[in-house]
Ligand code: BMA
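Here you get one chain, nothing else, as structure tokens; it is the form predicted on its own.
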């Protein structure tokens, strides 16, 4: 991947003051991304000085220059949840059957759950419900059904970190008939001990290509002891059975190197969460020479842009 030379493309200074919750905010990061008609759209995670998370929408006339809208995203219907919701964050946006679906993490008393909402205009958002029973994060929908069923990748949190929260070390596949009730299908990949991706999680929505589903994911190296390093890698999954891994990058394809990635409220982080493919053929496959814009959180503080192509991603996935 090649970083945009003038990264970061969005920083806290670009976030408007929205009283009373967002005044002189602390950070903005981990955006969902989608092409919305002829515009580029990001859904941003913004933290205020109380470390509370909110989501805002940013619209770009191109892939680089964005204007953050002066309103906080409100999910209609979320008020009916009886349990306290502390944070909603890290949205992934998937265009599916004529609707934009947003899957995101929800911190609650019972743990982290996956929430699902939908919109067709990015002005109003309908909360559909909590779509995971157990602690789970990094949920992302496939952009079409597979063998007649909806599909998603997620990361069940089954590992208790010493002195920290529960976490996970596997990207898993689930299927659903209605987007609400999900059946676990199996593990796609697990973390590789002592390598760059000891713990893993899905990134942007899978990209359909003639070679297979491209899945950009994050990997965390923990064996340095003093610091965890968040990096990006790529998978190539079978179109009909995503549990069949065709390729997995041996090396990361993006790692923290620049000052805005190395220094922030969580140092040493690149976290890919949004991807926009520029060219798709008549059959819905991303063209091999198409540019791919990857939007990522840097050090949990700002938003960066990295650019690659479909062909480069496929070749990287085959360097296993």
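Just so you know, these numbers come straight off a predicted model, no measurement behind them. Numbering follows the first chain given and starts at 1.
Not pictured, yet referred to below: the form predicted in complex with the named molecule.
- Query: 253, 286, 46, 269: which sits within 4.5 Å of the named molecule in the model of the complex by any heavy atom?
  - Reply: Contact with the named molecule in the model of the complex is made by 269 alone.
- Spot the stretch among 89 to 97, 180 to 188, 241 to 249, 208 to 216 with residues whose non-hydrogen atoms come within 4.5 Å of the named molecule in the model of the complex. That would be 89 to 97.
- Query: Does residue 104 make contact with the named molecule in the model of the complex, using a 4.5 Å heavy atom cut-off?
  - Reply: No, residue 104 is distant from the partner.
- Query: Using 4.5 Å between non-hydrogen atoms, is residue 295 touching the named molecule in the model of the complex?
  - Reply: Answer no; every heavy atom of residue 295 is more than 4.5 Å from the named molecule in the model of the complex.
- Given that the partner is absent here, does residue 300 sit within 4.5 Å of the named molecule in the model of the complex, heavy atoms only? Residue-level check for residue 300: yes, a contact with the named molecule.
- Item | Contact label in the model of the complex: residue 137 to the named molecule, heavy atom within 4.5 Å | Result yes; residue 137 sits at the interface with the named molecule in the model of the complex.
- Item | Residues from 4 to 30 in contact with the named molecule (non-hydrogen atom within 4.5 Å) in the model of the complex | 29, 30, in sequence order.
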